[in-house]
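Just the one chain here, the form predicted alone, laid out as structure tokens.
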């Protein structure tokens, strides 16, 4: 009887923990186990032809630090992120400002603008591949009408055009994501402060930088962080448009990892690359969150 009473008291004291325990266990299985297996595999020598699970030391990590293709793909990823992220932020903020005030058909236009976000990235990439086709794509035809001559531009083959093509597709799809978040943030700004600033003679830009921007900064920082992480693992659009080509000119870190792991089956080396990317992203996220906390 005493043991039953002790068990009942333990259950009562820890009832909230018992409720969340199954969810925590599932999260641990889904998150921690793959990460642990990834780390273990990175110290082994598993390839397509050799299932060597013995400890290999830091061989794979030494190899990746001397792999120029890896660092080139990482540079491509950073370049895509550095170009696309500011464009999406500025265009999203401009659209949010445009649709902040009520206008006829506002809800219809907002709904249409959000449509690209719900499209699968691989479908969006395939669609832009058709749009940019040098023979039958409407983009070249429209440019031909504008300039009065044929424009057989090889968007996905020409090294000078392939970056604009990928960034165009990426910005088209994800600018609405920034737009929705920033529209909600702008709608929550205290109007009385803006009206008081206008009465005091403050212009639009002064009001924006002194009142509006500090008010929406937390939401903007989260939006930039989410999109930055998403851009860092960009795969679908690039794969659908160029598959990392021409050559390896648009190969991102995700495409490099996919080719190494699922086409060349260098499992242990791929695990080392993936673990390196996880460490880089974790460091960037912690630094960004710390900066956000300090700016409050």
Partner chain sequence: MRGPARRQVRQGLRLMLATAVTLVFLFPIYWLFMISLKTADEIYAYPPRWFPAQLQFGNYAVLFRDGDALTVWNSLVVAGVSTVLAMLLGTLCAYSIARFRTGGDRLSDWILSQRMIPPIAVVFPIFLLYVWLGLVDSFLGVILLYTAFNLPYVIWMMRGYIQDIPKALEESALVDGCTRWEVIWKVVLPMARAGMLATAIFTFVFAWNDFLFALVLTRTEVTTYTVQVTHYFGGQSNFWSKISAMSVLGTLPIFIAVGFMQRYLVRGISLGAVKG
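Keep in mind that what you see is a predicted model, and the values were worked out from it rather than measured. Positions refer to the first chain, counted from 1.
Separately, the form predicted in complex with the partner chain exists; it is not shown, and the next lines address it.
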| query | finding |
| --- | --- |
| In the model of the complex, residue 239 touching the partner chain (heavy atom, 4.5 Å) | yes |
| Contact label in the model of the complex: residue 128 to the partner chain, heavy atom within 4.5 Å | yes |
| Residue 104 within 4.5 Å of the partner chain in the model of the complex, heavy atoms | yes |
| 4.5 Å heavy atom contact, residue 44 and the partner chain in the model of the complex | no |
| The partner chain: the contacting residue among 219, 79, 189, 87 in the model of the complex [heavy atom, 4.5 Å] | 219 |
| Stretch 65-90: residues contacting the partner chain in the model of the complex, 4.5 Å heavy atom cut-off | none |
